[in-house]
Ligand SMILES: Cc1cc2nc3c(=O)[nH]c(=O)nc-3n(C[C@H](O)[C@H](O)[C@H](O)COP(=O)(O)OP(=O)(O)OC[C@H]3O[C@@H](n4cnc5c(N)ncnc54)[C@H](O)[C@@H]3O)c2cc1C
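Take a look at this single chain in C-alpha cells; it is the form predicted alone.
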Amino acid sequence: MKTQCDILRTQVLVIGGGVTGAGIMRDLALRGMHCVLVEKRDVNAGASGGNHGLLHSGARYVLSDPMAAAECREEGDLLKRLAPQCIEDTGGLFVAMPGDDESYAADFPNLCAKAGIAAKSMAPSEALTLESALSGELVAAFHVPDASIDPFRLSLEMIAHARELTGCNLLRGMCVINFEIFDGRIVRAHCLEAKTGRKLIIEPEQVVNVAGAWSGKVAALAGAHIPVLYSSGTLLVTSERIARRVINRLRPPADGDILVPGGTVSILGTTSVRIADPDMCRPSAAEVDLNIEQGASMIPALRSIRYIRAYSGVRPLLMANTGAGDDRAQSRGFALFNHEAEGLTNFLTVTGGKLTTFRLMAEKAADLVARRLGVGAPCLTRSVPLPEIGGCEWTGPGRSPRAWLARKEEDGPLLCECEMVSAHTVDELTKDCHVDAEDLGISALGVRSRIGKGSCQGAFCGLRVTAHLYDTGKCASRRGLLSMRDFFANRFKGQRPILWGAQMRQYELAEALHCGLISLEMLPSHKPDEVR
C-alpha cells in the first residue's frame, strides 16, 4: 500500500466518519483488513455528534417500532458490557403527566415485555424521591435501563483501535467528489481536501457508503439511489445537571420529551423538522421555545435554567412514505443496500438506524465486505471489549479537572477554566489525539476534548489555546487563526437561538473580544499557509 503519494490503495474505502463508519473500520480491522476512512469534516460531525448521547433501552420505540426497540435493547446491553468507559449507566424514568394518554401508560409495561425490556412500575412519590426536579403533578412512572453514552470517545477509540490493529487511516476534511467506474466496479475515488485544495485518488477493492444524511449524495456519485429523507432535530444544553437519570415523557415520541444527563450538564430535546438538504440543518429559536415549553411540563426548572448552547443533527430516515406527516412515524431501523441490481459489485450503503444500533449496522456491512473479499474471519465486535486508548478520554466531563488536581504543580496554567483543561492536557492532546494534520488547530482539539464546552463557549479558552499552540510551535501559519475563527463560528451558531439572560451577556462579551478587540471577522481566508 502506498501512503505518501497522491494515489492511495486500500482494501476498503469507508466514506463517513460518524460512529457507524468508525464501527465498520474497527470491525474490518478485527477481521484483519485494512481500510481508509474519509470524512469531509471531522469525527462525528453529523448525526453521531448531534444527538442526546442517549443509549436507548428501546422503551421509546415499543409502540411505534417494536423491531427497533428490540435491537436497541440487545445492542445497549452489549455496549454496556464491551465499552463501559464510554457509558454512564444512569437508568431512566418514563413519566406521565396529567392529560397524557392513559391507555398508552397502561399498555407500556406489556409492550416493553414483548421487546424484552425490563420496565418497573413505581409510585409517583417514589419517582419524586429519585428525581426531585420532576413535576409534583406526575401521575405514573416506570424505571427502564436507559443510559447516557459519550459518542465522541466511542468513535475516537474505535478509530484508534483500528489503526493499532492494521494501520487503518483516517483522512479528515477530505471529500469524495467523483468515482471512476469500470466494468461494474468502482476502481478509483477522487477526493479533495477543501481547506488546502489537495487532490487524492484512492484505489479500493470495496467501497462502503456510510455518510448518514449525505449517503444519498454519495450514492448518486456512483449512479445509485438511496431512498432517504432528512429529519432535523434541535437540542439544548443546560448550564448544570438537572437529573441523575434519563427522563422520558410517557407518551408516543414527540417534541421536548427527553432529558439526558451529559456529565455535568443535561441535554433537552428534540424536535423533528423535515428539511430538503442536510446542509441546511441548524437550530432555530422556534424549536428552542418548543422544546422548553414541552419539557417544562414534566421538569419545571427547564423554564428558568440557563442554557449555554443549542445544536442540531439530521436523522437519515429510510423513506417509507413521502407525505408531510410526522417523521417520527418513519422507521428507526436500518437497511443495507448492496447496489448489485444497479450493476455495481463493490459498492454498498448502510443507512438509517440509531446511535445505539451502530455496532449491528457495522457488523452487517462488514459481513458483506468480507464475503466479497473472500475473508473468512468472523465478526468479533460482539465479544471483544473496546480497549481504552490514551488520548481519547479527554471528551469525558470531569476527566480534565481530575487530572489537573492530581498533578497541578506540573500541569501549568488552565487554558479552559470552565472545564479545567490545562496546558499540559492540550500538549497531550496534540501529541496523542490521533489527528494527522499539520498546523493542528483548536477546532480539532475541541472535538477531542471539553475545550469550549463550558459556559463561556470558547470566549476565553479559544484565544488561550490558540496562543498556546503558536507559542509551542504546534501552529506556524495563518491556518491556526482560521481554525480559531471556524471554532468560534460554530460556537456562535449554537448560541444565537438562546440569547437571553446570562448567556446574552456572555455572547456580547465574546463578540467584543473576537470582533472588537482582535477583528477576527476581518481575517483574510486566502494564503492560509502564509507565515507572519
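Please read these numbers as outputs of a predicted model, since none were measured by experiment. The numbering used is simple: start at 1 and walk along the sequence shown.
There is also a form predicted in complex with the ligand; it is not shown, and the following applies to it.
Between 354-362, 88-96, 415-423, 369-377, the stretch whose residues reach within 4.5 angstroms of the ligand in the predicted complex through a non-hydrogen atom is 354-362. Proximity to the ligand in the predicted complex, defined as a heavy atom within 4.5 Å, singles out one entry of 445, 158, 392, 218, which is 218. Although the partner is absent here, residue 175 is a contact residue: one of its heavy atoms lies within 4.5 angstroms of the ligand in the predicted complex. When contacts are judged by a 4.5 Å heavy atom cut-off, residue 56 counts as touching the ligand in the predicted complex. Shown alone here, residue 482 lies farther than 4.5 Å from the ligand in the predicted complex, counting heavy atoms only. Taking the partner from elsewhere, residue 256 is found to have every heavy atom lying beyond 4.5 Å of the ligand in the predicted complex.
Along 261-289, one residue reaches a heavy atom to within 4.5 Å of the ligand in the predicted complex: 270.
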